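Only one chain comes next, encoded as structure tokens, the form predicted on its own.
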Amino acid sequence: MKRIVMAVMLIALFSGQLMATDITGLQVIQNVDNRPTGDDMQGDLKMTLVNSRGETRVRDIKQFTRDFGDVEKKIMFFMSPADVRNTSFMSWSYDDESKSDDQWIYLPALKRVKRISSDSNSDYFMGSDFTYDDLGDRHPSEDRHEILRTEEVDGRTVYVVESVPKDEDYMYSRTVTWVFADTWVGYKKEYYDEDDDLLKILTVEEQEDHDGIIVLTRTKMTHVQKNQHTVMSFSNVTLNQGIDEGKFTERIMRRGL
């Protein structure tokens, strides 16, 4: 009997190993990247910044996103407080892996739209713990991906994938992402600095299912080295409302809502 039990255990273990290696790290990240998000999306974004002393600042934002097939466009309008009101940010992310994201920011005090250069991608966005690069869509082909292991969370299979940039000058030496295999939703991501020390941790705290489209409604970026964090809360979410193409222009950035 013991031999039979042992044989069954070995078969189960071997089968689990086969399942774990049945997909590559690149395919996992591609599945995350290709997860359905709808034709367009809009809602209210609340950005809460908490520093190492526990002091809090809150910024209210209107956000609009539309998928045009070969490019996804996003625009944010800062509504409050007064010191950031009328600031706007726009990002275009391309399916073409040879094209980097285009990003712009409008600062009302300067009365002009500024294009975010590639040299500024590592700058932090509006005092938050998210860099401009974090707000864009990194193409899976820009990194080398390896499945480190699989885990079980509430009976669900999770892939833990390490991604190492092909560009040695990239701001992060590597990232590690936890992805649910049944939904291809990444719910945790670790960022390591150039010395391979843990820099930041992104966690998904809440999400909503809109007719099969999963929307991340509360995320938290913890800056481990600075002992501070930023929470992004997304509410009043609506999908597929037919957002006009003219919403995503520099003219609208200047004009605002």
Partner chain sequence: MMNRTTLLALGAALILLSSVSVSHAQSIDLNGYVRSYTGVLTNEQNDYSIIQNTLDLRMSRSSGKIALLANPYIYQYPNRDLDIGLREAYMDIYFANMDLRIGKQQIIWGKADGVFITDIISPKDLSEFLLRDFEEIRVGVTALKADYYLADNTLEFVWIPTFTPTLMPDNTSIWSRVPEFSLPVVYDYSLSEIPGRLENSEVFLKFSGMSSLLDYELMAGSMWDDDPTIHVDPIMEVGNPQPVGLTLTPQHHRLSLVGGSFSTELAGAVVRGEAAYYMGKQFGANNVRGLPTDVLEKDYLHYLVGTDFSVGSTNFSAQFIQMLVLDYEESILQDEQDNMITFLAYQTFLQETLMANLFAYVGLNNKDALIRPTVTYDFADGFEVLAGANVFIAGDDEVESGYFGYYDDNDMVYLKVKYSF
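Residue numbers count along the first chain shown, from 1. Note that this is a predicted model, so its numbers are computed, not measured.
Keep in mind the form predicted together with its partner chain is missing from the figure; the text below concerns it.
- Each of Arg59, Ala82 and Asp123 is positioned with at least one heavy atom within 4.5 Å of its partner chain in the predicted bound form.
- The stretch in contact with its partner chain in the predicted bound form, judged by heavy atoms within 4.5 Å, is 114-122, chosen from 114-122, 137-145, 151-159, 174-182.
- Among heavy atoms of Phe77, none comes within 4.5 Å of its partner chain in the predicted bound form.
- Its partner chain in the predicted bound form comes within 4.5 Å of no heavy atom belonging to Tyr187.
- Residue contact check for Phe89: none of its heavy atoms lie within 4.5 Å of its partner chain in the predicted bound form.
- At the 4.5 Å threshold, heavy atoms of Asp133 stay clear of its partner chain in the predicted bound form, well away from it.
- Although its partner chain is not shown here, in the predicted bound form the stretch 89-103 places heavy atoms of Met90, Trp92, Tyr94, Lys99, Asp101, Asp102 within 4.5 Å of it, in sequence order.
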